[in-house]
Ligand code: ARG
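Only one chain is given next, in structure tokens, and it is the form predicted on its own.
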Amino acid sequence: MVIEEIEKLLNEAGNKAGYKDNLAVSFSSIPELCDYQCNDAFSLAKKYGKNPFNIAQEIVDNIEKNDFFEFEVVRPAFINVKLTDKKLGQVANYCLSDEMGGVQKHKVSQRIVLDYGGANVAKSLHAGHLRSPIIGESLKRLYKFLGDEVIADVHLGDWGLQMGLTELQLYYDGVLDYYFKNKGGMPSITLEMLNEAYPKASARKDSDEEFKKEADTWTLKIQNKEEPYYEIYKKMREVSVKEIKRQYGELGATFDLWLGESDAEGYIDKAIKIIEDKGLAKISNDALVVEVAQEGENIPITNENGEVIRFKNPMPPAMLKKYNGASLYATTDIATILMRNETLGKIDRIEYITDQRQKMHFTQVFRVCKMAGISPENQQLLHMSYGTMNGKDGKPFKTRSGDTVKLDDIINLLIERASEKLKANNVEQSRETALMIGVAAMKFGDLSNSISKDYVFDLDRFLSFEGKTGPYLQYTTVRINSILNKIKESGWEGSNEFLISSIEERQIIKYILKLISAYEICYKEKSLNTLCTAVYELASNFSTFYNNHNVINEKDYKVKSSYVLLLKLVRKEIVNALYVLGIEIPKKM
């Protein structure tokens, strides 16, 4: 908003001075000197063969004087720009009156399917399942905030080998005797049974090849909807999905669609036929595959006997059918893209949020879909891969015994530690408030990092009510609400005019402008860390203002009115940012 105004003035002046190039403006790298800067005089000097300082001065000399901006040329050839108090007041008024707080929606809306969550049915959710719903929920909110239409799909893993493994283990454990041996009553399959059966089966398949083959057969029977295998599968899925919904709900992750791999099953044959009709599929080692390697990939490296020992830039073929005809992970993902394009209308982008280990998988799936025309040419298929959540030792977050930490244990730990903080602050405790604070701590700790990077899960630091943390931002908002409530209860009514009179007020409005710009940066980078930094910096500058100015006891009517408006503006901007980050605000802290 402000940058566009400055650029317009500079470009008009540049044209008058004989420079037809577009000049760009950015936030100042030295905020204590100016608010914005333009460095383009250096590139103009090369093009026109003139002194860069003289070019910068020519441009500034051609800018008409105004009440909003102050332009200055400093050596070697920077154009520095400062906003006047009048301009800052204008910006503040606009942002306070605007529902979006000054953030501009995109002129062209995109229609996006966002695939995140992706929990596997019949398996306990653990620490490794945290990042996808946290990142996905925030990106969904960001996209919607900026005007996109988003369809969030949890895309459950409910059609693969883990289903056959779990069901087979239940069979060996005697749980399914009613179905296969006509013994006992119909079993009530519980979450506890599934949590016990899958780890046993998963460990057994690694050492027992016959068990693994039997599980493959069992999986195929489920996929072919043979009874009673399919009936048992549906019971397992129902129990598991109910628990997944509860746990994702605790994290504040919501979905428009609760579909899974099984829902794409009806599109598998159609997808494979499309691929075969294009001449893309072939049989390799009794499996149906598609070669997806491009030039420079999968180059064989041989030994002196001409035997292939490895591949340079490996990109193996995408496997669509196993030796026994069973579908695979890639098959259902390809079929899911076909299903989405046939049932959800025009889709501009399909985005997936999973860990980095699935990078090759999605490269294969996307290439098959583009080669076969299952994904239209102008449709974007994107995979945002995230790093690992590590413990303080820098290794993947585990229990002391080396086991993966269960998601419920993490949630309970967040509640417990947040309750301790509330108790220390003499605040009435409730599970709801403690959950809000604990989840805010975890989300902000995660989203403060670039999603592609590993990060350290440090709950002590995340839960601090001071510094760059989620609870600090919650606490700042709660404090603003408290001040505004006291002013309202006193019956005081102020004017609707900003009167910028202190350096702290100027700083706050400048950081609001930075916060506004952060949304678009996050949109382009598909990561929320810039927004986290910007909203923290705003809250930090508000704290400085609060410590230096007594809003409630201010005697000057106009100054107090401006202070109150500023509090409302800061609250609006922080609330908007926390909403996008998926962080709720408690009533008390």
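Position 1 is the first residue in the sequence shown; the rest follow in order. Everything quoted here is computed from the prediction, not taken from an experiment.
There is another form of this protein, the form predicted together with the named molecule, and it is not shown here; the text below is about that form.
For the options Asp333, Glu505, Asp446, Glu137, the one in contact with the named molecule in the model of the complex, meaning a heavy atom within 4.5 Å, is Asp333. Taking a 4.5 Å heavy atom cutoff to the named molecule in the model of the complex, the contact residue among Ser482, Gln358, Thr254, Thr217 is Gln358. Each of Gly157, Tyr329 and Thr354 comes within 4.5 Å of the named molecule in the model of the complex, counting any heavy atom. With the partner left out here, the named molecule still marks one of 227-235, 507-515, 110-118, 193-201 in the model of the complex; by a 4.5 Å heavy atom cut-off that stretch is 110-118. Although the partner is absent from this view, Phe362 contacts the named molecule in the model of the complex, with a non-hydrogen atom inside 4.5 angstroms.
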